[in-house]
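Heads up, the chain shows up twice below as structure tokens, two forms, tagged structure 1 and structure 2.
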Structure 1
Amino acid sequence: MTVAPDIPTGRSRRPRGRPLLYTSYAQDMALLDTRAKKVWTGLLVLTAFGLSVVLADRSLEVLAGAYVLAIGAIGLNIVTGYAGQVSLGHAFFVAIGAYTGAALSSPPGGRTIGFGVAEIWIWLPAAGLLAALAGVLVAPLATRLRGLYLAVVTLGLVFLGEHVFKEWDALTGGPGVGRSAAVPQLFGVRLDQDGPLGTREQLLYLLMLGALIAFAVAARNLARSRIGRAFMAVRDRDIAAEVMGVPLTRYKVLAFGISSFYAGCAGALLYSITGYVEPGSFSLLLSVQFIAMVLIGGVATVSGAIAGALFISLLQPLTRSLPSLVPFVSADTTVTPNVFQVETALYGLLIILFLVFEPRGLFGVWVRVRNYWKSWPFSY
């Protein structure tokens, strides 16, 4: 065991049959560090792209929405999972992104503010940046506060935001009326209309999938970089991190900024699927849903956030079909128990059950399953 192989500096092949033997630092830090991961991730991505041809338009729309929510969940995971700053205000940043995108891309001269810049590569970064700016503005307060004080303050943000959005009719169209959302247009091709490249749902699906992959890879890279390690140090013990030379304020501001950037982009994309934004949708419930995604998926894992978002979004079509399966659940909102109540209660129950029984979420379930099969048929 003490035989020291000459340590290669760059890429190197790993001995056959020893998938976990790292022989170089680059291997240890690789994004996909084993061949199995490379193969399966590749297959997963290919399948996801392939779905755009196979599935019906209605399912594609649901999945596209789920992908966008996953971007938002990854964002919340950066600030809450990696950097440990509890934020209940994610809905606020999502709203800023949604309205920035909508205002930039809507045609000017309408009932609500519009600038007529429908190109997605302009409004998407703009929506993210404006939300990030809001995050950075909030951060100085956040850096002074800790733990649950911060949670309550970010909760306050949601309420203040709701008030502003309800009052600012020119931007938001007002409660109950709403406005048209961001128009996704790429190099002159409207992605929200059927075209020669595919149906509306197919185009949107591919756009959201591409965006999710880009954002997920970026987040994964961020997490294993110097910044990500600093975030984790701040999360685990902020004073100790500061003693070790991590500038607390800078990294907390950075965490809020990046997280809000993700939220803003998610907001702008989310409503471009339905084409409609309503000020009432950015409520505490949206924040709680994002928290549920992060917790159910797995705190401080990017794949977990995606899994959580998919799980929560696919829960909805599932519960909506309950009335036909279970006789006492009604689809009518005036009757109790109806599907919406069941759905809301499920969010709550799932949060409780996961936190009590599987704190690492779906990611933890996956790790357990993987470990079981790794040593199968031996249990240890």
Structure 2
Amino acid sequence: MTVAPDIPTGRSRRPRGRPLLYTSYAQDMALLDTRAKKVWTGLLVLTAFGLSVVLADRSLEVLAGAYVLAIGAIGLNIVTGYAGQVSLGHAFFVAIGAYTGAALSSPPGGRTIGFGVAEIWIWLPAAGLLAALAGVLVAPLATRLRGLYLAVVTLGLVFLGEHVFKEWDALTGGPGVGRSAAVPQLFGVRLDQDGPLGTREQLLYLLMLGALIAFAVAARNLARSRIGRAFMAVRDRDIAAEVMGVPLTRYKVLAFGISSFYAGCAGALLYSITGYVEPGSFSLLLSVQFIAMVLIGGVATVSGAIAGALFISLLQPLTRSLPSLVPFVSADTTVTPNVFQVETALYGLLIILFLVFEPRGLFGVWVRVRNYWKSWPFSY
């Protein structure tokens, strides 16, 4: 009597002890493809939420800002890391989102433009969409330019936007004056004030953490979709991708639009933490910060962008404390050297060091450590 062999199906399970043996396409493309990733990701998320009741309010505010910067870094990673389009104008799209959210949520009839729409579920998507529209308008340049030429054009957006925002007093309040930022209000509940659900810092921390998780999952799903594979094909060899049927113009425009949407949402959320936005904040230094986050964290990885944003954000409190530790470093911007000049030089130094010694960034360091312990005690 013969026994019919088992026929593998899409729901077949992995044999025990073989976590990387995939028997279906769905397993290979899963968001968390191993049990270890599921467990550690769950523990990491629970720990992040648990920090809201453990850390002091000042620490929660710093982490909330880091989470928002991570959203912007993920957006830059989409257009630069995944699609291969060099962009130095990220600060311009962050500014568009910041002022869109501020104008929509501010009360009308004041010193600056306001429409009185304080609900976050209205002004946050609107900020992202308006920034995405600006990105789509700029994107056709990416189809004609590449490399250094595209970088210079996007760099020009920063200086153009800086001039426009400083001169448009009705929207921005003017340089040195500024205006109130977007008001984080959800179904009538102000999240920037102490309430029965927690302190102001706790509420903002949970809001930014939830936003980061949503944007990170969306970016990870995008990267493993058809669109993400088209982005990577354009990045690796655009001529070969076009020969295979990938429309370059469509996907380059789409990459800039999605990246700008992330930047706009990050800008609207970032300044809702401080409650104040000033046009001088959107300088070239902000774009350099985002580039440093991507390169230090790891290009073309969502987790690397988050790690880079946390690294840079937690580095700032250390550099701001330099005047009390190093006498010749001043906190006054009119004195040389000052903490802001030290920060700029430090960003450049870190970018050079990581590009030379660890091009894959902090994500590459994590991969090395993980592979070492997976093969321990063997060296291969």
Partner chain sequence: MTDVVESIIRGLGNGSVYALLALGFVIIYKATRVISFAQPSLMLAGAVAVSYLAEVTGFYLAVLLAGLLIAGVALVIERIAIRPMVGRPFFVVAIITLGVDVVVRVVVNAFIGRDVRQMGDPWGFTQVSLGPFVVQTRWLAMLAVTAVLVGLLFAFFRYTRYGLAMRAAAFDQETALAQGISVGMVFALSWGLAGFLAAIAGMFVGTGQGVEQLTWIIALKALPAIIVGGLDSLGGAVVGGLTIGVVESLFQSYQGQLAPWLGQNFAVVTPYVVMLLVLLVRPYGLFGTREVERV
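Quick note, the numbers are simply positions in structure 1, starting from 1. Rigid core: the largest C-alpha set superposing within 1.5 Å between the two forms. For clarity, every value in this text was computed on a predicted model and none was experimentally measured.
> Assuming the other structure does not fit, state which one is the form predicted on its own.
The form predicted on its own is the one given as structure 2; the other form is structure 1.
> Once you line up the core, how about T41: does its CA shift reach 2 Å between structure 1 and structure 2?
Comparing the forms between structure 1 and structure 2, which are aligned on their rigid core, T41 does not shift its C-alpha by 2 Å or more.
> Enter the rigid core superposed C-alpha shift of T344 between structure 1 and structure 2, rounded to one decimal in Å.
That residue's C-alpha is offset by 2.4 Å.
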